[in-house]
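A single chain comes next, written as structure tokens; it is the form predicted alone.
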Amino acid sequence: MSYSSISDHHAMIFDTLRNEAYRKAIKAHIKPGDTVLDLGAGLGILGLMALQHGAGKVYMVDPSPVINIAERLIQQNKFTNSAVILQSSIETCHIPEQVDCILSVFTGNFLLSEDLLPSLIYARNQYLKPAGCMLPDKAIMHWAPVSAKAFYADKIDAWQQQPYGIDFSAVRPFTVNETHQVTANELAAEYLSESAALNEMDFCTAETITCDAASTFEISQSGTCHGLVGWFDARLNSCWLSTSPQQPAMHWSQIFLPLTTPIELQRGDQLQATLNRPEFGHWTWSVSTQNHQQRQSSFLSTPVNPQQLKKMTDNYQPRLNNPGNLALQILEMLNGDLSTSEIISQLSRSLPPGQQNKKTINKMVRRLIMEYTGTEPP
């Protein structure tokens, strides 16, 4: 998710439960004069809270253009001398000092979705003072087996129908390997056992963001297991903020991991389940009982042709194609000597017939300029 539009931020700005927990933690941890990093600031609500509670300076870092609206909010709330706006990823920006506290909301659905946490670890290693604090500083993933008959019928088994007389059953193997973002109301699940703590992560010490864990569930209610639902809790100061489907809803969703074949379970049965998710990788989950086992992966949720698979291997020897060569040529022209219109004009004249699509050139030039150039000379 890019969070590049205002509507992407509405749910977060008006998530009273989440923001009140952050406000209390900020009040408890941030001292007058502290320097704060608001990582993934968005519209800047956490950074503004820090300034309200006495922070001396707040660096607001976000690659999305919405950070420019945060700058207007800073002026509107009269914090212009205390806030620094950086439209950049944390990996490519420069903060000239160490900070006393890092504020972030880099916990995606089921904690690891969106792969934001590696950037939090980078920021900690680069900019946090030895005695500095992180909010949040710890998180725990939880999951539980559930019966979700209506949801499963609507999202998975519906592909076995034949609308308009057309057989769509070939789609089912893909959707059953997807991780489905759901709310408690959408899933309407019956829990077949107590939940299990799956993976605990200390953001103050973690160096890699992975999950490789297993749980054994003692079935307490007989029923059909359609999959597992996952969520996380995050610690803010002494308060734990839970995204559990059994807690009041926030802007975070839960994750439903469906089973290819639902399993009939009886009270007293044991269900073993494993979950693996490497950094920037795919979710892989498996379940087994005394008589049954199955394994699935989000890697199988997207159709990939053999050529694409070959490109994913470590021994593949890549060579630029025509668009790649065009991108390389454009990047070599971004040396400060030519204007955007001059670059587009020169490329349009110099490219061979068949590669002179001015619309494509225009779009690529402007994209590369936005991504790989600065507003000031180095």
Partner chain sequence: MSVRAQNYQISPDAIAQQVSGETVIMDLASAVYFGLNSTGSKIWQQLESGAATSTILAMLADTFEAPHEVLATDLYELLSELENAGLITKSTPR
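None of the values given here were measured: they were computed from a predicted structure. Here the rigid core means the biggest group of C-alpha atoms that line up within 1.5 Å when the two forms are laid on top of each other. Residue numbers count along the first chain shown, from 1.
Although not depicted, the form predicted in complex with the partner chain is the subject of the following passage.
Discussion item. Based on heavy atom distances of 4.5 Å or less, which listed stretch (109 to 117, 76 to 84, 132 to 140, 273 to 281) is in contact with the partner chain in the predicted bound form?
Written reply: Partner-contacting stretch among the options: 273 to 281.
Fill in: residue 300: touches the partner chain in the predicted bound form, heavy atom cutoff 4.5 angstroms
Result yes; residue 300 sits at the interface with the partner chain in the predicted bound form.
Worksheet item: Would residue 304 count as touching the partner chain in the predicted bound form under a 4.5 Å heavy atom rule?
Response: Yes.
Item to complete: Give a yes or no for residue 295: in the predicted bound form, does one of its heavy atoms lie within 4.5 Å of a heavy atom belonging to the partner chain?
Response: Yes, residue 295 lies within 4.5 Å of the partner chain in the predicted bound form.
Worksheet item: Within a 4.5 Å heavy atom cut-off, is residue 331 in contact with the partner chain in the predicted bound form?
Response: Residue 331: no contact with the partner chain in the predicted bound form.
Practice prompt. Taking the rigid core as the superposition reference, indicate whether the CA of residue 306 shifts 2 angstroms or more between the shown form and the other one.
Written response: Comparing the forms between the shown form and the other one, which are aligned on their rigid core, residue 306 does shift its C-alpha by 2 Å or more.
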